[in-house]
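Just one chain follows, in the form predicted alone, and it is written as structure tokens.
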């Protein structure tokens, strides 16, 4: 865990958006810009995808990121790598210290398996991701984003410890109101967020809340 605060001020940001609880967001972050996600009320899981903005076939890879840094948790200094080994973003500031990339995003199927068959019709992150990517423009190759492109993601502020036996557990969040994670874009990156609607997971205290995103121009 590497807790480092940022020197950037919200008043200087070129974009400042609040994502309502359970809603989604999609936006391109240009190379050199700084991108911040703020956990406004604490313990909110912010599920996030990353794509090369010019080639959607090259997207975030949890496997390559974990192997390169030798750590299953993400924090300051982590480079978010694609399956082709390209760095999309580097985490440069982090006041929470725990971000999961193993647990994946919730879906109707996982809600039924994990919680109850009756949870099938609850809203899930995969639906939000799909809604966001289907409205986005094609990449330079003319390729549009589709359901098959929903792969590895990062669950910012989500607490998913791994037991000594290698099992994943979903625990109470360790984030608090105002905690944030900040990233430097190493290349033009398409960011897709599902501000998790999950009502059954202790990671967001069974209470989905808004998240804030900000972008600063390159210095």
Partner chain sequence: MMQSILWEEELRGGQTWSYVLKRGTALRLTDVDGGANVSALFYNADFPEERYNMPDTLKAQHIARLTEGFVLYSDMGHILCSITSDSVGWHDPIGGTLNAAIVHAKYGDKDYQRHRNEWTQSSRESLLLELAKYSLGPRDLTPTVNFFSKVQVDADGSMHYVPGNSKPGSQVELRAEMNVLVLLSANHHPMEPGAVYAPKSIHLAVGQAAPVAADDACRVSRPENGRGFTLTERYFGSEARA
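Numbering follows the first chain given and starts at 1. Computed from a predicted model, the values in this text were never measured in an experiment.
Same protein, other form: the form predicted together with its partner chain, not shown, and the subject of what follows.
No residue of the trio 4, 24 and 28 has any heavy atom within 4.5 Å of its partner chain in the predicted bound form. Looking at residue 106, you'd find a heavy atom of it within 4.5 angstroms of its partner chain in the predicted bound form. None of the heavy atoms of residue 140 is located within 4.5 Å of its partner chain in the predicted bound form. In the predicted bound form, its partner chain sits within 4.5 Å of a heavy atom belonging to residue 152. Looking at residue 90, you'd find every heavy atom of it more than 4.5 angstroms from its partner chain in the predicted bound form. Heavy atoms closer than or equal to 4.5 Å to its partner chain in the predicted bound form belong, across 156 to 178, to the residues 162, 163, 164, 165, 166, 167, 168, 170, ordered by sequence position.
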